[in-house]
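Just the one chain here, laid out as structure tokens, in the form predicted on its own.
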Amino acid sequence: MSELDNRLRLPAGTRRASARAGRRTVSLKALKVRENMLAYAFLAPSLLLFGVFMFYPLLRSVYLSLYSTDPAGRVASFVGLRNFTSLFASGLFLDGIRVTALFALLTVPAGLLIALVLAALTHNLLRGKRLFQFAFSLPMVLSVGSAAVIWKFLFHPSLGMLNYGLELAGIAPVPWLTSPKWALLSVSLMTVWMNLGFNYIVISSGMQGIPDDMYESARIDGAGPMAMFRKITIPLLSPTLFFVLVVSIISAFQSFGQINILTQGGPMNSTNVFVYSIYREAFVNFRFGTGSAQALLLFVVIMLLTLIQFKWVERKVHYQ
């Protein structure tokens, strides 16, 4: 017996209800298709930009890392994994990672701690709060190039304000950018100041999201400011601190502008971070194959560091 015969045997009311249910199912499917098409239409500009400026360069880097190139950037011959093995054999990879890791250790904890202290000091400030917030957020307005030029004048050995202040205090001038001992520390000092605006705004916003009644309850129970900061502020602020930590580490491993303007990787490669090494290998020495291999290795290192943070550091995060 056919399905049509079975439907004809049903009462008229049941047939009408079944027909309405079928039309409703078709209309819901059509509505879902239209919603999906609308969503992809809104996503299309972003997907296009990601494809042109991220996915295509990534695939192009994978392709170039397997070939040797001439000075014009044209593919010369297939070398397989030789570009990667030469990086490890020459020590370029390990030296770049060592300098970059030291740079991250000098900038990330200091930038996070200073921003946390400033945000805590201005959180409950009654007078001049907006003025201090504006002053501490001001470095975010400047570009990397502008900030690096300003600090290059400050670091000048004879005309810079930093050495002038040291001379007034009776301290010998410091070779900020010309000594291997001081160069990386000097660039790190400028980087901490440059990232202070972003870190301060994010952490200060996180503090404003903590309910005031929790502080009132703790104050009634006799808790002091340090106890409330340690037991209430830090746990409830941990998601924000975790976000700032991840972003700061990624930013430290991708730092380039201030290195290029202040030291160009010197003196004696003391500030030759991994990104600047990629730039010099690809756009100064015109070895695009080796430069692409370095870029892929940097991508892997940053991805592993991020996964490690989400694997172990996030366990300490207290989500409400």
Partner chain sequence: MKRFGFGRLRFRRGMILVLAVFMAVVTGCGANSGAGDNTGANNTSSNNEKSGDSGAVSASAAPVKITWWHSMSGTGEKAINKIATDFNASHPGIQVEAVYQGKYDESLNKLKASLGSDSGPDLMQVYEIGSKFMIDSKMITPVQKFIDEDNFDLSSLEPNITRYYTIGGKLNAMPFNTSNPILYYNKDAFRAAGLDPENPPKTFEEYEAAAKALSKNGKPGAAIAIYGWFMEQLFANQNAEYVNGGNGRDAAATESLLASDAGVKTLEWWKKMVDEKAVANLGRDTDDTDSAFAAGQVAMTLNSTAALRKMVDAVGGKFEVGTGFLPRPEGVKEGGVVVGGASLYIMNNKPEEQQKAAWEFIKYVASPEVQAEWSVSTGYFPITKAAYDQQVLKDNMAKYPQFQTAVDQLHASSASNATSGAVMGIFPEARQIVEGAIEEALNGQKAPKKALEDAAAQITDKLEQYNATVK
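Worth saying up front: this structure is predicted, and the values here are computed from it rather than measured. Positions refer to the first chain, counted from 1. Just so we're on the same page, rigid core means the largest C-alpha set that superposes within 1.5 Å between forms.
What comes next is about the form predicted in complex with the partner chain, which does not appear here.
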*May I ask you to state whether Ser158 is within 4.5 Å of the partner chain in the model of the complex, using heavy atom distances?*
yes
*Does the partner chain get within 4.5 angstroms of any non-hydrogen atom of Arg130 in the model of the complex?*
no
_Within 4.5 Å, heavy atoms only: does Ala252 come near the partner chain in the model of the complex?_
no
*Within a 4.5 Å heavy atom cut-off, is Ala89 in contact with the partner chain in the model of the complex?*
no
*Considering Ala227, Val149, Val246, Met207, which brings a non-hydrogen atom within 4.5 Å of the partner chain in the model of the complex?*
Val246
*Looking at Pro211, Pro71, Gly80, Gly170, which is the one with a non-hydrogen atom within 4.5 Å of the partner chain in the model of the complex?*
Pro71
*Heavy atom contact within 4.5 Å of the partner chain in the model of the complex, the stretch among 108 to 116, 191 to 199, 140 to 148, 71 to 79*: 71 to 79
*Counting only heavy atoms, which residues in 43 to 73 are within 4.5 Å of the partner chain in the model of the complex?*
Phe50, Phe53, Met54, Phe55, Tyr56, Pro57, Leu58, Arg60, Ser61, Leu64, Ser68, Thr69, Asp70, Pro71, Ala72, Gly73
*Taking the rigid core as the frame, does Gly51 move its C-alpha by 2 Å or more between this form and the one not shown?*
yes
